[in-house]
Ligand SMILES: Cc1ncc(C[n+]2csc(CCOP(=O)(O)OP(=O)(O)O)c2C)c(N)n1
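Only one chain is given next, in structure tokens, and it is the form predicted on its own.
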């Protein structure tokens, strides 16, 4: 829930990021405690560890020539697991190509994932993943689909449903990103745009592909409530979580 107090405290325009722990994993506030049970924390860590292990296996297979082009997820697991924990059965998942943990949380099997990156068409069947679009490789093109699905869900009167759409930092320099945010904002579509900033758009560093002070301010331009989040302890990955006000 992006309440107004949180949005005011961590204003992207002032380049303020939401952060609860430092780079060594120590809480920044002695009074802070996760609003999760020990069981939920254990489950989250287990899922995170599983994603990293599967990711390292896939990278190894790719290096051995046993798997084709594979985009590593190393360092981006935290946002996948966090978003996956709140994604419900009726929600839509609109992925890019680097959201392994989110796919697993939605119900995609590891077998299907490995088949997909080995070039087998059965890898996109997603037999147990309800309401998930196929992996999208063209940068940011899937965000248009997410905005359209959000509009359709609202038009059909579906309640308590959201669309989780992922993209990288480079995708925010594509026209599709801006069209999707504008459309979702104008039509109050229940879309959550998650931008994973790993500092490089293929081979172009962040500073060379945008002059924005951070990624989250791009949502402010469309009056989309936006938040800059320090989503990783070991790598400087910043995330944008944004959705139209009417869905908060």
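All figures in this text were calculated on a predicted structure; none of them were measured in a lab. Positions refer to the first chain, counted from 1.
Keep in mind that the form predicted together with the named molecule is not shown, yet the notes after this line are about it.
Although the partner is absent here, residue 171 is a contact residue: one of its heavy atoms lies within 4.5 angstroms of the named molecule in the model of the complex. Proximity of residue 138 to the named molecule in the model of the complex: non-hydrogen atoms within 4.5 Å are present. Among heavy atoms of residue 118, none comes within 4.5 Å of the named molecule in the model of the complex.
Although the partner is absent from this view, residue 35 stays clear of the named molecule in the model of the complex, with no non-hydrogen atom inside 4.5 angstroms. Contact annotation: the named molecule lies within 4.5 Å of heavy atoms from the stretch 93 to 101 in the model of the complex, the single such stretch among 93 to 101, 78 to 86, 151 to 159, 124 to 132. Screening 48, 217, 67, 201 for any heavy atom within 4.5 Å of the named molecule in the model of the complex leaves a single hit, 201.
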